[in-house]
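Take a look at this single chain, the form predicted alone, given in structure tokens.
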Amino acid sequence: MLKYKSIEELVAEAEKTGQKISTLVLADQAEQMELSEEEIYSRMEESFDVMCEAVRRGQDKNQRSTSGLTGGEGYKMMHYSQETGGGLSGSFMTMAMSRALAVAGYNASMGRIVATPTAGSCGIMPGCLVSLYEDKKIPKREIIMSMFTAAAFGMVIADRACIAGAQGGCQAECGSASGMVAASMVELSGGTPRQCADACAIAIANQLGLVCDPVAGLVEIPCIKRNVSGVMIAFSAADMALSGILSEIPVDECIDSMGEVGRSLPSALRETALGGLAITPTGIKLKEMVFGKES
């Protein structure tokens, strides 16, 4: 359990003590769980190692989902990045896209992933952090410590709003994941605790109202590609915050708004596959391909 009920409380404590949010959170978690800080850190390191392995396995050319609807997206984007010298977005960003696709695709093929904060949004954090680790060569310990900041933000989001698509739509999954990792990347880049909060707020605001409409009820279409959008929003939100751009709406108010919007969404747009892309003519055909026609 996180003892902070708002991001503002977390930021204020970090500013008061002159610590990074991650340092503060690690100490709090060690105290609450009655374990050493190194033991808590080791558990987070294991999660990061799982992310790296999911990227590697998900980028396999022959990766396919259990349903057969999707597969190989991570490989295709990796190949495109390498063949074109980075495509339109540059090598770093296209490889980040590849990693996000790979992990989300690996999840669809029943691979082992880390739900950050959910399986549906599992590609966003590794898409960002594994890219910073492998391509920007940020030290592993710094990456793992930043995950404590992401985790703290996620716990506040879960407490004040929601992280489940069935409860709040895809904004609750991909929006939360983007906000969490945007905050962690700001800390990694030397930003202040308040800039971490601004990055999270911007990321959430840019996905407010995103519905959850999985075709055939599976976490594949459009879920896998939405992980890429989440990565791009996380990086842009972090860069905006680091540049000094503020979120005019405080992060806790953005989180509260996300919760309110989620409660306002009709059930058809909250993971039931009864609305949105799931009930398009093609969406229905794809469902029938997997499960057959209803009698």
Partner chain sequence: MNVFDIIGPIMIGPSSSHTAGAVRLGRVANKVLHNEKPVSAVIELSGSFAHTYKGHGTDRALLAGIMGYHSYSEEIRDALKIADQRGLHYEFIPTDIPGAHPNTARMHVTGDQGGSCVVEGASIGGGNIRVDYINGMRVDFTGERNTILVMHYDKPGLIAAVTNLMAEKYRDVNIGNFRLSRPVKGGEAVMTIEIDGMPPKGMIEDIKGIRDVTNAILIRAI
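Positions refer to the first chain, counted from 1. This one's a predicted model, so the numbers in the text were calculated from it and none came from an experiment.
Beyond what is shown, the protein has a form predicted together with the partner chain; the following relates to that form.
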Scan Leu210, Ile163, Ala201, Leu188 and let me know which has any heavy atom within 4.5 Å of the partner chain in the model of the complex. Ile163
In the model of the complex, the residue from Gly87, Gly72, Gly217, Pro222 that sits within 4.5 Å of the partner chain by heavy atoms: Gly217
Cys128: touches the partner chain in the model of the complex, heavy atom cutoff 4.5 angstroms: no
Taking the partner chain as it sits in the model of the complex, is Met33 in contact with it (heavy atom to heavy atom, 4.5 Å or less)? yes
Is there a non-hydrogen atom of Lys61 within 4.5 angstroms of a non-hydrogen atom of the partner chain in the model of the complex? no
Look up in the model of the complex whether Met93 has a non-hydrogen atom within 4.5 angstroms of the partner chain, and give yes or no. no
Note: the partner chain not shown here; in the model of the complex, the stretch from 33-41, 242-250, 259-267, 229-237 having heavy atoms within 4.5 Å of it is 33-41
Check Asn107, Phe148 and Met180: does every one of them have a heavy atom within 4.5 Å of the partner chain in the model of the complex? yes
Across 111-147, which residues bring a heavy atom to within 4.5 Å of the partner chain in the model of the complex? Gly111, Arg112, Ile113, Val114, Ala115, Thr116, Pro117, Ala119, Met125, Met147
